[in-house]
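Only one chain is given next, in structure tokens, and it is the form predicted alone.
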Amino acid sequence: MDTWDALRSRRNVRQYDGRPIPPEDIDRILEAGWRAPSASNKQSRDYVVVTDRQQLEELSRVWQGAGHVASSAATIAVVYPEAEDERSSALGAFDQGQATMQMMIAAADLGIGSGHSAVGDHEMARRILGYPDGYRCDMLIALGYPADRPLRPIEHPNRRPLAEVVHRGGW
């Protein structure tokens, strides 16, 4: 799939068909996150990849909207240092967003669906994932092959018209 088709095909997938994802495809998705830009090139993100069914089921309970994690083939937790100030917090959130979206587009390119989830119970996430004190996880990316229909470019997305959201030269 080319980049434009991957962008147009990516959608939130929360029901998976149960097939495992080849390790080389997971590595490619992780490399996409690794290659994502970061503020001042700090590269402060780490990733925890979970494929164990019991661990995925536990992880699905860190947020009320994370139920799909339990049935994913793999889930990537984005882990980063706790922010020391408001600016660092904003930059960390931006960096996580860039890495998350880049991994989700790489997954779509491979025909793998993705569905993000927040983390509400940080202590539970730390216990399940084992990351050290001084770090936090706010984002999970569940991965799997879509159960309903394969990824393909969405011709008419449910979005506000482009002309409504684009303002040229000012609002």
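Computed from a predicted structure; not experimentally measured. For every residue, the number given is its place in the sequence shown, counted from 1.
Omitted from view is the form predicted together with another copy of the chain, to which the following refers.
Peer 1: Spell out, yes or no, whether the shortest heavy atom distance between Gly65 and another copy of the chain in the predicted complex is within 4.5 Å.
Peer 2: Looking in the predicted complex, residue contacts with another copy of the chain do not include Gly65, since no heavy atom lies within 4.5 Å.
Peer 1: With a cut-off of 4.5 Å between heavy atoms, is Ala74 one of the residues that contacts another copy of the chain in the predicted complex?
Peer 2: Close contact is absent here: in the predicted complex, Ala74 is far from another copy of the chain, nothing within 4.5 Å, heavy atoms only.
Peer 1: Please tell me whether any heavy atom belonging to Ile154 falls inside 4.5 Å of a heavy atom of another copy of the chain, as the geometry stands in the predicted complex.
Peer 2: Ile154 belongs to the contact set for another copy of the chain.
Peer 1: Does the 4.5 Å heavy atom contact test between Arg160 and another copy of the chain in the predicted complex come out positive?
Peer 2: Yes, contact at 4.5 Å.
Peer 1: Going by heavy atoms, what in 156-171 lies within 4.5 angstroms of another copy of the chain in the predicted complex?
Peer 2: Residues within 4.5 Å: Pro157, Asn158, Arg159, Arg160, Pro161, Leu162, Glu164, Val165, Val166, His167, Arg168, Gly169, Gly170, Trp171.
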